[in-house]
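This document contains two forms of one protein chain, each encoded as structure tokens and listed individually as structure 1 and structure 2.
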Structure 1
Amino acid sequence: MLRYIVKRLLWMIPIILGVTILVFTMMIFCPGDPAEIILGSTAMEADLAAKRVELGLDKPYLIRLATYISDVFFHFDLGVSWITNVDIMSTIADRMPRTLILAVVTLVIAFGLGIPLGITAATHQNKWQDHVSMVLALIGVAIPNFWLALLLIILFSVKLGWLPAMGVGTGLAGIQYYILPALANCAGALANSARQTRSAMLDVIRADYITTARSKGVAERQVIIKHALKNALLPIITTMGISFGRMLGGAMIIETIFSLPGMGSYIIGAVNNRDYPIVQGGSIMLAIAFSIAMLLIDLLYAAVDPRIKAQYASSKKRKKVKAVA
């Protein structure tokens, strides 16, 4: 297993490198002149030219790309903001935890509600519980997260006054600031988890070993939780990993609506200001976070399914036998 973890960590290097090259290249084709945005439309051409030289925009693409890759991968330097001249790495270190907290809270809510909803639908197939669950899932898929965010603000902040509408607190005392953003961001993931759980459970509960367990007098709750759900978890875990990536992307809109100082609002502001280093650095850090999350999902596969553990163990044994031979 350790060898597999190391292998996956090494595979992250070309993935992050590919993201770096892709984002850097996309920034070149974005409309607008960063020098003019920084200095204003009334700036003289000589000042604009000097600013382009200062920013390194006068150099060829390959030289700029090579310099940036060297700074990121060998010096761990994401540069400074063109607008504020503030170090990007330190700003990301301050903002990234908020985005990760939002993503984790969203994931807990989505799958904490979606899995029981899917189990209920599967165990009551074609009954009113199944129909209600799937209608709720369909609504969750269809509803835009930004529209849901505005509805939640109106209801829980303006009308009821239960939760703050924007901003962020500090430490554990600020968890209430993440509730509405997480609820707004979790609708699609909750719906997908419910539908995937229903589908996986329907495949499992028809299996022979489930019938055998019931015939032995095992309690229905134990049959569903211990036998059926455990064997239906693999596709649910896959959905969980994909949903985490979508939550990181959806955080850009949600953080802007709720004025959360996270990575999403940071990157959106940088895009509007053509602050390329922030967009590039933020995208790289989000790609790293998503890659680590997918690694954890793969390890969760092994924890849930003994066959995957056996596959790794047998592969290691075969290599030892070949080495002895």
Structure 2
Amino acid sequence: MLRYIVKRLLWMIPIILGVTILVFTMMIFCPGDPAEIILGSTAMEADLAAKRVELGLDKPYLIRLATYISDVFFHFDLGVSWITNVDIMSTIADRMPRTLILAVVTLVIAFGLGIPLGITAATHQNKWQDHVSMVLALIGVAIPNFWLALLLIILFSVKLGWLPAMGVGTGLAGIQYYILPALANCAGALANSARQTRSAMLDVIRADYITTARSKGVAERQVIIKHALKNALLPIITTMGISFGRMLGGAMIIETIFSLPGMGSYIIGAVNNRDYPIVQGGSIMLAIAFSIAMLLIDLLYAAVDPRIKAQYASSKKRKKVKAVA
């Protein structure tokens, strides 16, 4: 198992390297003169030329690529923003945790509500609970999240004053700043998790081992939670992974509405301003975060299903057998 984890971590390196090279190369082809962006529209020719040399824009592509890669991987230096001259790595270190917390809180709410909803729908298939649950899920997918965000703000912040509408806070009390954004963000993931749970549970409930469990005299509730749900978890975990990945980059609208300074607003702002170092650095960090998340998901698979765990552990044994034969 440990070997599997190490192997996966080692695989991450070429992947991140590939992302870096790809992003760097694409940015070279984008229009816009970095010197002009940095110095603004009032700069003179001489200043612009000097800046170009300073940035190394006159060097050949491979040298620039090599410099960039060595900066990123050996010095952990993602450069500075062209517009504000602020160090990108430290800004990301500030902002990434916020995006991660938002994603995690969103997932907790989405799956915490979605899984029970899906189970209810599956166990009462074609009855009113099923229809109501699935309609709720449908509404969740259909509602635009910015509309929901504004409604939540009006209700919980302006009218009731229970939760803050914007910004971030420190410490444990800071979680309250994430609740409204997470609620606005979770509608889609909630719908997906409910539907996925329902369909996975329906598959599993028909299985023979569920009949075996019932024939043993296990209480229905135990049958659903201990026997059925545990087996239905695999597709649900997959959905969780996909939702998490989407949330890492895509919470931009929510971050903008709630003034949550996270990765989404950072990168989108940089794209709008043509602040390429931020786009590059942000993409790399997101790629890393995503890879780690996928690794955790795969490990979660192993924790839930012993057959997969055996697969991970035995993949090297199979190779040995081949060599001998």
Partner chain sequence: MRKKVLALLLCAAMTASVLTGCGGKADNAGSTAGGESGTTQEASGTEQAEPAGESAVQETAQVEPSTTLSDKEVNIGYGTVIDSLTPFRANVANDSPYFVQLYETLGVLDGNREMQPYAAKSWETSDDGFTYTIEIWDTISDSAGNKITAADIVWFIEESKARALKPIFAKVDSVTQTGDYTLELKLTDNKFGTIDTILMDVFVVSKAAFEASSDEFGSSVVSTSPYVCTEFTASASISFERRDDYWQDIENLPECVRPLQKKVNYKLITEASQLGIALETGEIDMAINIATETGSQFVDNDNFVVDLSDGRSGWQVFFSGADTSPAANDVKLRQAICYGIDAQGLIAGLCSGYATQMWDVCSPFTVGFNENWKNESYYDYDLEKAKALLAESDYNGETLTILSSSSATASRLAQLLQNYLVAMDIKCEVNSVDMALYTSIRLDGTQYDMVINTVGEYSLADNWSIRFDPAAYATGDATSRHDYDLAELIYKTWTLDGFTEENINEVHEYLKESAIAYGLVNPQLFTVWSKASGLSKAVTGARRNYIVPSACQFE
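Remember, it's a predicted structure, so these values are computed and weren't measured experimentally. Each form is matched to the other, and the largest set of C-alpha atoms that superpose within 1.5 Å is called the rigid core. Numbering for residues begins at 1 and runs along the sequence of structure 1.
Chemist: Give me a 1 or a 2 for the form predicted alone.
Modeler: Here the form predicted alone corresponds to structure 1.
Chemist: Once everything's superposed on the core, is residue 26 shifted 2 Å or more at the Cα between structure 1 and structure 2?
Modeler: Shift at residue 26: 2 Å or more after core fit.
Chemist: Comparing between structure 1 and structure 2 on the rigid core, is the C-alpha shift at residue 299 2 Å or larger?
Modeler: Residue 299: C-alpha displaced by less than 2 Å between structure 1 and structure 2.
Chemist: Spell out whether the Cα of residue 289 moves at least 2 Å between structure 1 and structure 2 when the two forms are superposed on their rigid core.
Modeler: Result for residue 289: no, shift under 2 Å.
Chemist: Relative to the superposed core, what is the Cα shift for residue 13 between structure 1 and structure 2, in Å?
Modeler: Displacement of the C-alpha, rigid core superposed: 2.7 Å.
Chemist: Core-aligned, what does the C-alpha of residue 53 shift between structure 1 and structure 2, expressed in angstrom?
Modeler: The shift comes out to 4.6 Å.
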